[in-house]
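A lone chain, given as C-alpha cells: the form predicted on its own.
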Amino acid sequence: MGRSLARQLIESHLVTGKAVAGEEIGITVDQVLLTDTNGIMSWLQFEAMGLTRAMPGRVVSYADHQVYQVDSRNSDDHRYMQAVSRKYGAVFSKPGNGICHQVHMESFSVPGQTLLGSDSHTPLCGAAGMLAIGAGGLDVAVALGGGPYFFTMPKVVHVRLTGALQPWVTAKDVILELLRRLTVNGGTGKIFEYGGPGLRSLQAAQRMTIANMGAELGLTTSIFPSDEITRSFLTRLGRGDDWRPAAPDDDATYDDQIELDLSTLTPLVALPGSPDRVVPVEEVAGTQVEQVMVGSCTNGSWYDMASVTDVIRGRRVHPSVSFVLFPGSHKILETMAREGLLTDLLAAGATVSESTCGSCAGIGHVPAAGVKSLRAFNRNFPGRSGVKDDEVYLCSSLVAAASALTGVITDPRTLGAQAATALLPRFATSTVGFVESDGQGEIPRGPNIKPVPLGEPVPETLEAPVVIKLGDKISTDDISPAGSAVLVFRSNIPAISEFTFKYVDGEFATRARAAGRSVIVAGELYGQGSSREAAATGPMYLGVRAVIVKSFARIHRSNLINWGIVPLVFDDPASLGPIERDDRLRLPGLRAALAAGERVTVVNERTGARFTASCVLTARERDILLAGGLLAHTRGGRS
C-alpha cells in the first residue's frame, strides 16, 4: 500500500506510537521556530526546566509581532530573546527582518524535515514539503531540549486540484473556498495533502498562502510536494542546494479526498466575525471601506506585493482610504526597492510599513471605531484588529488593491485585463537581519520578565463556581486579547492574566480571583485561532481549574493540559443549556475518574442536576494533567 507524503514524513520521524489515525504519536523535531509572542515564554520555560542547550538542528527566534518600542518593555523582551538565543544555540531574527513564517520559508525551509513552531501559522512551510506544525509554548520548550513532539495522528486528506486559476482569482480564493465548504472546524484532526494536475499551476508563494491559512480550518497541518516549483523557488533565493524531492507514492492511499477545480473559482470575501463567513465578492461589492491592508504571513509574499503594484501602478489610492502594505520579509522589501516597486507604490499613495506581523495581531494601524476594514490577512475574529466591535473583511491581495483604488469593496474583474506578474530570476539574499549564536554572554532580564508559575495538581474533588458561560467559537483572541496593550506582557503571566476575557466580560479577572478556584463552560470549538499560550496561563493563574465545553480546538486543548486545567467535554451537549454563571459545580472524585479514564460526574448545586463529561487522555497526558501541568510534572521528576 502506497504512502502519502505526510505519512512518509511522520513515519521517518516517529519515535513512539503507531501512525494510526486517532493514536498518540511522538516525532523528532528537526527545526524549531519561536515568535516574540509565545516564544519568549518558551525560552523562560526552557530555562525553568534546567535545560542548557537547544538540541534541534535549526532553531530560530523571531522578533516579528511586538516590534513597536513605545516604552522599554518590548525592547527588554527582545534583548532577552536575543541573548537567550545567542547562549543556547539559536539564530535571532531582529525586529524588521520579517514575519517568522515567510522568513523561515525563504531562509531555512528544507523539504522532508519537521518544523515545530510556537505559532499556529507554522504550517506555511508545508508549502516546501516540510511537516510543519504549530504548538503551544511548553511543547515547543520541550522540543528545544530535544524531546519529541506528541500529538494525535491525524487523518490524511488528499485535496486533488484540477484546472488552473482564472484571471483575478488567487490562492487566497482557494483557501477561502475550502473555508466556505468546510467551516473553521472542518479540518479538525486532519492533514490536508495537496496534489493533482492543478498543482503545477501554483507558484510557491501561492502554495504558502494555502498552507498558511489551513490553520483557519483547524488542520493539524497542510503539505505540498517538493517539486520543480519548489526547487525554482529555493534556487532564486540562492538555496538550490537545500532542495530535495518529496512526493507521495504513486499508489498512495488517503483517509479521504476533496476535489477542487481551480478553474471554477471566483474572487471571494470573508464577512466580519469569522474566516468561514465566505461569499462571492459581488455580494459585498460597493461596501465602503476606509482602511485596506495587504500583508501578514498569509499575503506578505513577493508575489502579493508585485501583483498589488501591478494593479495600482500609475493610479491613485482613493482619498478616503488608508492603504497599507506589510512586506513579509526584509528580503522582499529589499527586492521591492531594487525593482522599483516602492516608487510605484508611494507614488500611488500607498503606505509601506515595516516587515512585521503588525496590525494582523492588532498592533498598529488600528481602525477607527465603526470603520470597515478590508484586509488580505488570515483572521477577522471580533476585536482582533485592536478595537471592539470592529468590522474586518478578509480578501485576496487583488481584491484589496482594486478596492483601495475605488474606496469600496470591488470585484477586480471589473478592472479589465490582469497584468501578468513575472517571476524574478533572483531575490535579495541579504542576511543582515540575523544574529548567530556563539554560546556566550549573560542573559539580561528586564523588569517585565517574571518567573514562570506552576499549575496545581488536580484535586480529589473540585467544587467551584462557573465564573463565565460562553457560546460557540470562542477564540484565543476572546480569551486573551491581541493588541499592543496586552501582548506587551507576554513574559509576565501575572500582568497578562488581568486581560483575560477583558473585552468579553470586563469583570472576569476580578470575579475569578475572588472565587479562588473556578470553572468555565462554553460551546463548540473553544480556543480556536492563535496558539496563544496566555489563553491558558492567564485563566490558570486566576484560579480556573476546569473548562467544560462541547468541543475544543487542538492547540488550546493541549495548552490547557500543559498548564493543569482539566479540559472536559459534555457527554450530552444539551447539558450546557441550564447552567448559569455563578452556579456552583461539584465534580466528586475528579482525580480518581481522570486517573481511571472514566467519565466525570458533575453536580449543579443550584439545581441539583447531574450530568457527565469526558476527558479522553493518553497515559502521558494523564500524568501531566494530574501533576498540575507539564512544567510541574517535569520539575517533579516524573517526565
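Note that this is a predicted model, so its numbers are computed, not measured. Quick note: we count residues from 1 along the sequence shown, nothing fancier.
Below: the form predicted in complex with alpha-methylisocitric acid (MIC), not depicted.
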Which of 66-74, 572-580, 52-60, 34-42 has heavy atoms within 4.5 Å of alpha-methylisocitric acid (MIC) in the predicted bound form?
34-42
Looking at Thr309, Thr537, Ser491, Ser120 here, can you tell me which has any non-hydrogen atom within 4.5 angstroms of alpha-methylisocitric acid (MIC) in the predicted bound form?
Ser120
alpha-methylisocitric acid (MIC) isn't shown here, but in the predicted bound form which of Arg554, Lys331, Arg207, Arg379 has a heavy atom within 4.5 Å of it?
Arg379
Closest heavy atom of Ser531 to alpha-methylisocitric acid (MIC) in the predicted bound form, within 4.5 Å or not?
yes
May I ask you to state whether Arg384 is within 4.5 Å of alpha-methylisocitric acid (MIC) in the predicted bound form, using heavy atom distances?
yes
